[in-house]
Ligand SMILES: Cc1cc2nc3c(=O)[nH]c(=O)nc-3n(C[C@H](O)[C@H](O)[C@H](O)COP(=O)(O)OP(=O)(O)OC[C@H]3O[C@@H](n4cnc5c(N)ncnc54)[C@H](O)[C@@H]3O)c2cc1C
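Coming up is one lone chain in structure tokens, specifically the form predicted alone.
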Amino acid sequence: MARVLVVGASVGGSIAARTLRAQGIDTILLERDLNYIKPCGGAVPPLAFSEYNLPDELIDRKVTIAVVASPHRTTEFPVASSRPTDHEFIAMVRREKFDRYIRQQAVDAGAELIEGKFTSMRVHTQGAQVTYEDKRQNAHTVEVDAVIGADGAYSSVAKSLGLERLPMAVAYQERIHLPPHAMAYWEKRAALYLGDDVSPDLYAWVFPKYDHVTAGIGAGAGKTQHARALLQNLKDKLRDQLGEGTSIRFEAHHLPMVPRKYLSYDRVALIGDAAGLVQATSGEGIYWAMKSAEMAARAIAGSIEHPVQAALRRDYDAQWWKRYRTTYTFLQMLQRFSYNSDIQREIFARMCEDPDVQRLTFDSYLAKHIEPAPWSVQIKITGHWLSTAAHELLSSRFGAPKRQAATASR
């Protein structure tokens, strides 16, 4: 019977294993530490729940209000797309609960779950020989037809292929338990904060969970040593909303900032963070890990007799970029033009007041597809952007007084 090894049993690896079992492929799911809780903001589009048949019980909060705050402006607007449905929200999950559920689905489907550390891999013409260590540091070797690397930003599978490490950002967050009256403010809100004091090149955030919030910051390459200070600045800024909270735990993890040039190799496919499939603008990775896992698993199952590089790149890489290249290109451009200076941040926050921008934002987030706007809307948004940019540049050049924070809603 054909057999595939999936390295990493987080959300991506578990979806890959589940998909392989549905295709009748014998599957081993190797996880280094089954008690590990992956640090994560935990924002998931509702699309993931319908596509992968996941229950609403996994959702801690359904966010229906988005907040974007630049140094001098706060914009608040509803989570709403151009074609309203019953799923106009951002689902907030805890990874310890979310990942465990999907992993159990894979096991229930017949995947063999092993707790062990991947140590080496040798790909040959008939398959791949993989060595791992169990919790007692005993070495084991397995022969498989193919391998899926779902083992995160510092992927050992990618390293075994001789691939270079991708440029990384760090996400550093604190879980903060809030009393009920303070939690009420955050119940339906998720907030992004822009500014050199909280995130020089990305953004900071507050996301609500079951009985706490996560307050965190993103810092790009070369700035990770300032993560603790940036998080403290965020908490100082939000003293009124977070000051009564009690710290539960601090968490940190690295995020790849660019996709890998290739996702597939002879008998090996990389998914999620291991493939660099994180959105540069938002740091979003959960849905992309799930979707890349499904597509990679289907590609391997479809060519299991001979899963060579050419076949996998045709059925996985090419199909992935055919579907999502426009989305990644647009969001990479948005990151470069929105976060890197106070003028850009003010323009970005003001543009978020535009109902057309709000609608297009959530069309792309909720549906994971960028639908071209009508020419009339594109012209309107372009005109708004030009007038906003001119206003911010003039204000900066001539030292206009700081604006009061404004709230906008559709």
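All residue numbers refer to positions in the sequence shown, first residue = 1. Since this is a predicted model, take the numbers as computed values, not measurements.
Here the subject shifts to the form predicted in complex with the ligand, a form of this protein not shown in this document.
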Is there any non-hydrogen atom of F207 lying within 4.5 Å of the ligand in the model of the complex? yes
Interface membership of G285, the ligand in the model of the complex, 4.5 Å heavy atom rule: yes
How about S199 - does it come within 4.5 Å of the ligand in the model of the complex, if we only consider non-hydrogen atoms? no
Taking 4.5 angstroms as the cut-off for heavy atoms, does P46 touch the ligand in the model of the complex? no
Of these, 249 to 257, 69 to 77, 308 to 316, 232 to 240, which stretch puts a heavy atom within 4.5 angstroms of the ligand in the model of the complex? 249 to 257
Please pick, from H177, K159, R298, R95, the one residue with any non-hydrogen atom lying within 4.5 angstroms of the ligand in the model of the complex. R95
Using a 4.5 Å cut-off on heavy atoms, what residues in 29 to 68 are near the ligand in the model of the complex? L30, E31, R32, Y36, K38, P39, C40, G41, G42, A43
